[in-house]
Every structure is written in structure tokens, then in C-alpha cells.
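Let's start with one chain on its own, the form predicted alone, as C-alpha cells.
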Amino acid sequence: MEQQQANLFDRHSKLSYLQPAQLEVWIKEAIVRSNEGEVASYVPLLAKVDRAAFAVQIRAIGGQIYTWGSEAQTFPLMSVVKPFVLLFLLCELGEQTVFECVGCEPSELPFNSLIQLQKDGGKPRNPMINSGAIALCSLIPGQDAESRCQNLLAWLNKQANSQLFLDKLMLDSVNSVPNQNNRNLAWEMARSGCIKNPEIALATYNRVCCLAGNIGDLTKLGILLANSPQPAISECSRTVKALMATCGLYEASASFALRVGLPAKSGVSGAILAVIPGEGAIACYSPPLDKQGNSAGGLLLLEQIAKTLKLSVFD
């Protein structure tokens, strides 16, 4: 376990009011809540993870850090990578190109719904659901899935000063059980003309979801959205944060916005990231998921921290 005292946070930051003793109480409550969840089972390697694993890190834009749990443990980002695919493409290609391919409205149906895609004429409702992320993967520069994933990986590590890597064992596990639903989504978008090469788009999507890192890498990505020093990235991050707030937790997005009020994104690995604009980022890793596919313990912990410190963007 690694910890740094919360008094290292800037006294002008809301995070300066964080009390380590109170945080540890919330973590214990979150661990209890996680016992109610179930780990993802459709990817064999995810089904074998330690369901008791728990790590959290709070990182301020000034560089101050509070970590509870193992910072050495790595995990795949899975859907937490989706906002950063969007950020990369907004910076590289611009809004017009991106939103010709994908919409920006919340989905009425689950994150992997083919019915939703068909209802919308083959254009994904937003970048945070599977169809939207697959469509975005069709836009990443590169001749094949490997080069596209590498281009994204190199850009993220450079911009966030992170050490993300491709978890090849996880990718093999993902590919060992082909996801027919995602394949159906890709081919539906190909029929509508939304994407040109569904096989490369789908293979790219599988690879980028298997980008992995530790809890520190995840908060570094969050800082990139919270307060990037580069004007171009800062401008694009505004759009990304808005879509995280409205779509990042799928059907739970609206209720989370009301209760917590922070842009957030979850993944089936149990990773979850919340961005505190102008302040910092909070990341949590806890594999058991609730019925909507979000980290059960992670959601509770974020809610406790945000409500107590009044971190909501609507406060």
C-alpha cells in the first residue's frame, strides 16, 4: 500500500479538504459494496481476476497524489479508453469529421444494443457506446489494427506522460471468444455507409480496449482532460468531458450526473475514471460490476468523495 497525505493538496483546492481517515472509511464501505457485484465473465481472462482487488488514486493538477492500494497492479482499460479515442481524433481530425461518423446524444438502450443502432439508421448514438467506439476506431490513422492502436498508444503516452501498454494476453483472451454482437454492430454500420472496413474497425476496437496500465496511468489520463496545458487539447477535452457526463456510464449516466455531477467513464475490467475540471482526477479499480456494467465499489466511492467535497460541476 502506498499513501501520501492529503495535506499535500493545494489549500485553494476542494481536494485539500480530503481527510485520509474519512477516505479509508469510504474505501471500506466501497469494498463491502463491491461484494454485491459480479466480475465480467464473457472474456475468460477477466473472469479470473481477483475480485477483491481494490485501488484508488486522487491526482491534483498541481501534481499532488493520494493513493490507496497497489499502484503496481495493472489492468486493461476496456471502455475507459473510449473518451481518449475521441480526444485523439478530435485533436487529429477535427469535430466535423468525427461527428459525421458518430452522434452525441445519450443512448436509450444498453451500450451494445443493435436495436438502438438500427433505430438510428446505422449511425451510432454517441462515442461512449460500443458502436460509437467501433466507428471511431475506423477513423484512427493506420493501415491495419496494429498500426492504428500503436498510433493511439504513442499519442496518449506522450500527451499524458503515462506508460500504457498493449496487454497481449488480454487481447488473446478477447479474441478467443468472438463477440458476435459487436460484429453485428460493425457490419450494420458498414451497410449504412458509416464505416468502410468493419473487420479492421472491429480488430482495432478490440486492441485499444486491451490497452492497460496502473491506477497512476489512469489518473494521468484524467489530468489530460482536467487541465491540459495545450490549448488545442484543452478545447477538444471540453467536448469529451461533456459526453462523459451525459453518456459515460451508459443507462446510469443521468442518475450519476444528478447524484455526483462529474464526467466519468467506466469499463468492464472494473476501472472507472472521474474528471474534476480544473482540479484533478479520481481513478478506481475494483472488478465486481453492478447490473449496468459499472464498478459497484468504484461508483460508491466516487459518490462519497464528490458529495462530501462538493466536487460536482453543478455546485
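Not measured: the values here are computed from a predicted model. Residue numbers here begin at 1 and follow the sequence given.
From this point on, the text means the form predicted together with glutamine, which you will not see here.
Student: Going by heavy atom distances of 4.5 angstroms or less, which of Asn227, Asn157, Ser113, Asn182 would be at the interface with glutamine in the predicted complex?
Tutor: By the 4.5 Å criterion, the partner-contacting residue is Asn182.
Student: Of Ile58, Leu249, Ala55, Val268, which residue is found within 4.5 angstroms of glutamine in the predicted complex when only non-hydrogen atoms are counted?
Tutor: Only one listed residue qualifies here, and that residue is Val268.
Student: Exactly one stretch in 94-102, 239-247, 135-143, 77-85 has heavy atoms within 4.5 Å of glutamine in the predicted complex; which is it?
Tutor: The contacting stretch here is 77-85.
Student: Judged by heavy atoms and a 4.5 Å cut-off, are Tyr42, Asn130 and Tyr205 together in contact with glutamine in the predicted complex?
Tutor: Yes, each of Tyr42, Asn130 and Tyr205 comes within 4.5 Å of glutamine in the predicted complex.
Student: Is Leu221 part of the interface with glutamine in the predicted complex - any heavy atom within 4.5 Å?
Tutor: No - in the predicted complex, heavy atoms of Leu221 and glutamine never come within 4.5 Å of each other.
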